[in-house]
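The chain that follows stands alone, in the form predicted on its own, written as structure tokens.
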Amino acid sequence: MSFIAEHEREAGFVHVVLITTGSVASIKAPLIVEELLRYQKVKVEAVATKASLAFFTKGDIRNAGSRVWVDEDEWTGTFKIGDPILHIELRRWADVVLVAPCSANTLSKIAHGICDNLVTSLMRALAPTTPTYIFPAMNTLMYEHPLTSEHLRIVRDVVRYNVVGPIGKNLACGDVGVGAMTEWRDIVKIVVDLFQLAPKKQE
């Protein structure tokens, strides 16, 4: 299945790319997709790392009303010169990008400019003008590791992404502390407020 931005973009719509990475908070992805699609003139495409698919299935996202793109969709083994390149087409399509959740691993990759999968290739290809939000999610001690603050500094001050969270709560691993992803409804609200989205009328 190929994806070509100019065929997929729809005039007057807000095009949201939801990126999920290897944190248990990825389990919230179908809820984020479903809630975004309750608003008028919104389209969503999800892009998942392999690790994030431990927490939801492609079917969960399809049931919520969207699609999931993974590494195998980019590296099919059948590429010919002139074929669309998925991470570039997704970049052209996106009006806003949400990395929710952003694991410690993916945060480190983004901070260092690594492009070893579809997610990090897309992140590296983004235009500086595309609003991009990073929602860190990790164990408290991983969050408190000295490298994390340095990676967040680079992402915030050098790359100029918006970093939101994490928050403090009982974590899935059993620890209590800061490291949980921002509440999923608050993530949706950021997009709603940014684009002044209106809810769909009830049938």
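On a predicted model such as this, the values are computed, not experimentally measured, just so you know. A residue's number is simply how far along the shown sequence it sits, counting from 1.
Form predicted in complex with a small molecule: not shown, discussed below.
Put simply, residue 47 is far from the small molecule in the predicted complex: not one heavy atom of it is within 4.5 Å. Taking the partner from elsewhere, residue 142 is found to have a heavy atom lying within 4.5 Å of the small molecule in the predicted complex. In the predicted complex, no heavy atom of residue 132 sits within 4.5 Å of the small molecule. At the 4.5 Å threshold, heavy atoms of residue 24 reach the small molecule in the predicted complex. Partner contact region in the predicted complex: 47-55, out of 32-40, 47-55, 159-167, 60-68, criterion any non-hydrogen atom within 4.5 Å of the small molecule. Of the listed positions (126, 104, 115, 111), a single one reaches within 4.5 angstroms of the small molecule by any non-hydrogen atom in the predicted complex, namely 104.
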